[in-house]
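The chain below stands alone, shown as structure tokens; this is the form predicted on its own.
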């Protein structure tokens, strides 16, 4: 019998994807549980979502940078995840670039959800990038995390059409709905040991 997966979630904001992961665990879709939720913002609602469910949640500490953590602060983050005996780190709206301490400690065990069809529109506010660029289709990507910004091997993708009259808000809402399905599905596949990384490619085994 497979050991239940222990998931650590990192987030910077509202935490709706974290909520989707926790609900999937509760329903048994994901054979595991979220064991810790950490944020780089002390007042992030993602922490309240976790505490409401009795899941340990903590602010990781103040950073002088906006897009990354100091090495010692990232090492503190690693210790918190290791103390929770995490087997997978899920980035759910975590707005910092992951650096070597975390990448080394959890190599091949960090995944992120991104609101575009990568490699198109990496970085911030991808739905606005897509809308402003005039493309007809964007979407959602779940990928393993590496040293780059949204450059890791892709696990799953799903297209989201851009409709006539779409605003950034309406498009973002439809993208969110897909994220809430696709991210838990990728975690389910990871928990079932069905993901194989081969260079840039991720194969889903039967």
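Positions refer to the first chain, counted from 1. Please read all numbers here as calculations on a predicted model, not as lab measurements.
The following text describes the form predicted together with another copy of the chain, which does not appear among the structures shown.
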| item | value |
| --- | --- |
| Residue contact check: residue 132 to another copy of the chain in the predicted complex, 4.5 Å heavy atom | yes |
| 4.5 Å heavy atom contact, residue 156 and another copy of the chain in the predicted complex | yes |
| Another copy of the chain contact in the predicted complex: residue 88, any heavy atom under 4.5 Å | no |
| Exercise: residue 108 in contact with another copy of the chain in the predicted complex, heavy atom 4.5 Å | no |
| Per-stretch contact check against another copy of the chain in the predicted complex, the hit in 27-35, 45-53, 158-166, 59-67 (non-hydrogen atom, 4.5 angstroms) | 158-166 |
| The single option of 103, 118, 78, 84 touching another copy of the chain in the predicted complex, heavy atom within 4.5 Å | 118 |
| Any residue of 38-67 that, in the predicted complex, places a heavy atom within 4.5 Å of another copy of the chain | none |
